[in-house]
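Below you will find one chain, with nothing else, as structure tokens; this is the form predicted alone, and questions on how it binds or moves follow later.
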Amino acid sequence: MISVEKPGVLTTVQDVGRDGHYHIGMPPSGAMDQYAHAAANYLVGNDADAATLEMTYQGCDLRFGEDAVVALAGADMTPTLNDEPIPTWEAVAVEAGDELSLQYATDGARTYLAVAGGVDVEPLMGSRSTYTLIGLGGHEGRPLQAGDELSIGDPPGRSADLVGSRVDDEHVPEYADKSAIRIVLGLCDYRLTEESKAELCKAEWTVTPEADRVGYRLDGPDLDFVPREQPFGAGTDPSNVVDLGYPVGSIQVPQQPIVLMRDAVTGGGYATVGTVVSADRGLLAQRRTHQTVTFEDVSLEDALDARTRNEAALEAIRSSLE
């Protein structure tokens, strides 16, 4: 059992997501940074789909009611165990009565706590992820609060042997690296003028305070739309199109860009002019309010190659721990 002493700013139970229900308007939810989530799980001997705690901007204080093996991956939140510093991206043993404390993120925005056996909440529609907008899944469908108690699943037999194992530095992301976030232009990039398509990838965008699990709202230059007659079924605003599905990671432009994230609505009538490649969505989710974002237009082949290399890095982590 894990007892929540202080919940932090926003801590939720997340796993790989609630896939397979997009057609009925249910977003996947799940970890915003799937890479860090999976790496933390591998460090304690779990499969990638075990539930972790996703902590945003500020970590929580937790007390363990039983011995366990844990790992933290993602943003640096200066973790301590019984007031003694502990490493991130490494498996750590905790004993019954120990208190794990995390502070504000100094590098990145989100940290994932994996515990051997996973956070054991009741699955809903095939996932333990929290979708807070409608109070579904996770722990009572909401962010954690002080006084909550979380059960731990049965730990893998080899988890104790993993204590002290860590992720090689080459596989630890540099969240301070402000490299461009790669996108594939489309579905509705034809609505932008050629100048604005170029501006989308040339401009420096700022993460606004409204950036969250639903969407990352960005601030920057205005984008111009190609003049047109209003089509039947579309709204009057130049950014409106006939309703379509929104891919996870797609960039819609009602005014300023919004990158739709794991809890976003699944469709609507705003033009989506590009999609963040899957390998970079976790990196975007680690950008904090007031930090900057630039985009780089890449081909579909480049996007698939990036996904393959991302999967290979996770496989290398998993294999190194066996």
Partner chain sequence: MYERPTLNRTATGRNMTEETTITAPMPGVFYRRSDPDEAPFVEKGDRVEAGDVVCLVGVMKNFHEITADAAGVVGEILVEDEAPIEAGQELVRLTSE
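Since the model is a prediction, treat every value here as computed from it, not as a measurement. Numbering follows the first chain given and starts at 1.
One more form of this protein exists, namely the form predicted together with its partner chain; it is left out here, but the text below deals with it.
Exercise: Pro79 in contact with its partner chain in the predicted complex, heavy atom 4.5 Å: Because no heavy atom of Pro79 falls inside 4.5 Å of its partner chain in the predicted complex, the answer is no.
Its partner chain contact at Tyr190 in the predicted complex, heavy atom, 4.5 Å: No, Tyr190 is distant from the partner.
Contact test in the predicted complex: Gln103 vs its partner chain, heavy atoms, 4.5 Å: Gln103 belongs to the contact set for its partner chain.
Its partner chain contact at Leu124 in the predicted complex, heavy atom, 4.5 Å: Heavy-atom contact with its partner chain at 4.5 Å: absent for Leu124.
Stretch in contact, per heavy atom within 4.5 angstroms of its partner chain in the predicted complex, of 266-274, 293-301, 39-47, 53-61: After filtering at 4.5 Å, what remains is 53-61.
Candidate from Pro238, Pro143, Pro173, Gly117 lying within 4.5 Å of its partner chain in the predicted complex - any heavy atom: Partner contact (heavy atom, 4.5 Å) among the options: Pro143.
One residue of Asp212, Asp148, Glu90, Asp98 in contact with its partner chain, assessed in the predicted complex (non-hydrogen atom, 4.5 angstroms): Of the listed residues, the single hit is Asp212.
Residues in 79-99 with any heavy atom within 4.5 Å of its partner chain in the predicted complex: The stretch does not touch the partner at all.
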